[in-house]
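Okay, here we've got a single chain as structure tokens, the form predicted on its own, with questions on binding and movement later.
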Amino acid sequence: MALAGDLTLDLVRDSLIRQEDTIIFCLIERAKHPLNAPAYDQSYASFPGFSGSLLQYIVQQSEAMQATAGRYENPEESPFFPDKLPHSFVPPFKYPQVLHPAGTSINKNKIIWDMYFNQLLPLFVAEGDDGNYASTATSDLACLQALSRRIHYGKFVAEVKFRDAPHEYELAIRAKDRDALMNLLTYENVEQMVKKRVEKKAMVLGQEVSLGNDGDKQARFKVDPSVVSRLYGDWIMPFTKLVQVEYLLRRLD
């Protein structure tokens, strides 16, 4: 992240575009495995001192390990189990004070978790069981972290938009008018462009490649590009705007 004085909409936009690639690659990796339902079944495995599914165990243990290495000192990262994190053991890095302190604690990972497992996952993985439960859960973790980072990046988007036009936002913020803020943050033409871009990226990055003579065979994709477009249109962009509104409501605190 750039220094606070250098924060611009172009820099934020470049980061969001790069994160599109990360999300698509994470989905492609997860799609290598079928649903593998036992990974989410609390009765499948038992770990000493832990109650939950294999997926929950891997997420919590991974976050705890990453926390000791300082991952969640970075304002761009938001844990799924913040109350389970140990302290960092590495020397603190002086991240630039870009965000308003009142907005740094915003965490929407509960709705991201629910969306991913209950709505998104059935759209792009096949039914079935290949026994690779730990690999499946690890891929889920990568998807969850990529989605979380992209959605919570809305705090940076809101900050740079507020700096560029504070007077446009202050009236709605002081009135606690969520609808007015949402209208200020919504650019339907931009959202349509993003949906088209990620769909095209999914076509390019996820196309099955063969050296044989495929003739007029229809292109095959590791993840349906329309699912990626829907992911952005139905969830990522709406959730990002939700984060932006929450952040802006605290921006004048």
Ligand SMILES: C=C(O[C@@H]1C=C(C(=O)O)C=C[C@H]1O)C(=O)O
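Just count from 1 along the sequence shown to find any residue number. On a predicted model such as this, the values are computed, not experimentally measured, just so you know.
Unshown form predicted in complex with the named molecule; subsequent notes refer to it.
Stretch 178-186 is the answer when you ask which of 134-142, 91-99, 178-186, 120-128 has residues with heavy atoms within 4.5 Å of the named molecule in the predicted complex.
Checking M203, V190, L35, A45 against the named molecule in the predicted complex, a heavy atom within 4.5 Å turns up for just one residue: V190. A heavy atom within 4.5 Å of the named molecule in the predicted complex is found for one listed residue only; from K161, K108, R149, R71, this is K161. Proximity of L54, Q60 and L85 to the named molecule in the predicted complex is absent: no residue of the three has a non-hydrogen atom within 4.5 angstroms.
In the predicted complex, the named molecule sits beyond 4.5 Å of every heavy atom of R230.
When the named molecule is considered in the predicted complex, V194 lines it closely, a heavy atom lying within 4.5 Å. Of the heavy atoms in V157, some are within 4.5 Å of the named molecule in the predicted complex.
The named molecule in the predicted complex is not approached by S15, whose heavy atoms all lie more than 4.5 angstroms from it. In the predicted complex, the named molecule lies within 4.5 angstroms of at least one heavy atom of each of the following residues of 237-253: M237, T240, K241, Q244, in sequence order.
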